[in-house]
Each structure stands twice: as structure tokens, then as C-alpha cells.
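One chain comes next, on its own, written out as C-alpha cells in the form predicted on its own.
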């Protein structure tokens, strides 16, 4: 059975790319002297796989990394040893056996914060509520497969639930979104608002994964 890490990616570490993040973990395992399985072939390297690659600039408290722990090291030792070898902002929270297949990971609980220092928060909330209450909302996104380089996505079927709250100068959207096949990037919700109400485009938007869920809305591990 494979092993999994549950880790957070916050602060400046949000700007580490997916590939660099995998290299960071490979080196951290080596520095921590934790023996893990390697790939086969002429140039074997430590095998690590991160589910649901996170967009650069996004934060997360619930990332999952799969690897194979070799004999000689207990899972309970892994978090502290890795955290001593990882850069600031990447924190291993738990190491446990990978009992459930990743395909059962169905939803991600996101927090999106839209900054409105000029007092447009109430209008932005009203507009977003109207948009998300529709039966269908098409948003254009980049696509490597489409000949035009763009495709249209209906975001509504990929949103399980949503709610709003406010902070000084900011609108907070808490949404449970589809994780895969296909998943929904919360950036497309911001894009829908900007396309329909350009005067309500936020000065800045930040996104954070808070939890990963299965098809029943329960925490996935």
C-alpha cells in the first residue's frame, strides 16, 4: 500500500510551481534521510505524486502527496523529519496509508477573497449572488486542446454549494467546487463577475483550499 502526506502550502510557498514543489519534496526526503521508493530505469529518482496540482499563487491547507515509504521508518516520524527539511510555508500535517483511491476525491472546499477597498463589496456580493443563482453561466477559459486556444465552461454544474461573508474591504466566497473530471478553478468565478460586471472587478483576488471532500461531502483521506 502506498503512503500519503497531508500538507499545507502557504505564505511565500504559494508561488512555488507544481514541478518545483515535487522536486522540493524529493530533496526533502533525501535531506531527512527518509528512504522512499524510486522509479525504475536508467535514471531512477524518488517517486512522488501530488494529487490535484495547485495553481501558482493559491494557498492550501489540504494538499496530498503520494509516495512509497520503505522499511525502517515509521509513518509517525515522517512529518517532523520532513518539516525540518522543508522551506518556510510548506508544512506536513500528517502521514498515513493511502487506503482510498484518488478517484473518490470529488470536491474541494475553497475560500476566495475579493478585495474592494473602495466600498464596492455590497454591490459585488449582489452581482455574484445573481450570477451563481442562474441555471447556467458560460465562462471562456484557455484550452490547449481547442484549435482557437479557448473553450467555454459552464461553471454552475461544478459548484456544489456557496455562501458569502464580508470582511473590511473584502468579499469572501466559501464554495465547494468539483475537484476533477472535470474540476473547477475558482478563478473562473472571478472571471464570470469581471466579464459581466467589469466595473465590479476586484482589486485583488486570493484563493485557498481549506479541505478536500468525497462524493458525500465528507473529508477525504
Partner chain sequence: MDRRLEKILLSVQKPARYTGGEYGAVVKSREQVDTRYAFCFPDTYEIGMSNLGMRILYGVINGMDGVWCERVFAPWGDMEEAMRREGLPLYGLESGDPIAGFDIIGFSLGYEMAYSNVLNMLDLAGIPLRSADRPELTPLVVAGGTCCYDPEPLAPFIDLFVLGEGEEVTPEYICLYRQARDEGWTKEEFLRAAAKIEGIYVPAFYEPVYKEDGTLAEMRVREGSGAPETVRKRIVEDFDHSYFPVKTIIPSTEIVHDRVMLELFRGCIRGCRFCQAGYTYRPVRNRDPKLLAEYGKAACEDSGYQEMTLSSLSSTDYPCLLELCDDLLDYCAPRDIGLSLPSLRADTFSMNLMERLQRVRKGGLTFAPEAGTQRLRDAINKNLREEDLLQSCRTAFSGGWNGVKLYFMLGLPTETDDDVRGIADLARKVYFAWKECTPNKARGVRITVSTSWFVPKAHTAFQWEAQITREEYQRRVDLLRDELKRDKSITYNWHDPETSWLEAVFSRGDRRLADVLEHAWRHGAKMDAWSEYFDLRRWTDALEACGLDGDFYAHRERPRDEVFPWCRVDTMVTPAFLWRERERCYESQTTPDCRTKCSGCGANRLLKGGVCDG
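Worth saying up front: this structure is predicted, and the values here are computed from it rather than measured. Residue numbers count along the first chain shown, from 1.
Note that the form predicted in complex with its partner chain isn't included here; everything after this is about it.
**Q** Of 23 to 31, 149 to 157, 63 to 71, 178 to 186, which is the one stretch near its partner chain in the predicted bound form, taking non-hydrogen atoms within 4.5 angstroms as near?
**A** Going by heavy atoms within 4.5 Å, the stretch is 23 to 31.
**Q** Residue 190 versus its partner chain, in the predicted bound form: is there a non-hydrogen atom within 4.5 Å?
**A** No - in the predicted bound form, heavy atoms of residue 190 and its partner chain never come within 4.5 Å of each other.
**Q** Can any non-hydrogen atom of residue 53 be found within 4.5 angstroms of its partner chain in the predicted bound form?
**A** No, no contact at 4.5 Å.
**Q** At the 4.5 Å heavy atom threshold, is residue 115 in contact with its partner chain in the predicted bound form?
**A** Yes - in the predicted bound form, heavy atoms of residue 115 and its partner chain come within 4.5 Å of each other.
**Q** Report whether the minimum heavy atom distance between residue 203 and its partner chain in the predicted bound form is within 4.5 Å.
**A** Heavy-atom contact with its partner chain at 4.5 Å: present for residue 203.
**Q** Considering 76, 104, 126, 88, which brings a non-hydrogen atom within 4.5 Å of its partner chain in the predicted bound form?
**A** Filtering the options by heavy-atom distance leaves 88.
**Q** Exactly one of 84, 99, 130, 138 has a non-hydrogen atom within 4.5 Å of its partner chain in the predicted bound form; which residue is it?
**A** Answer to the contact question: 84.
**Q** Taking its partner chain in the predicted bound form, which residues of 4 to 21 have any heavy atom within 4.5 Å of it?
**A** Result: 12, 14, 15, 16, 20.
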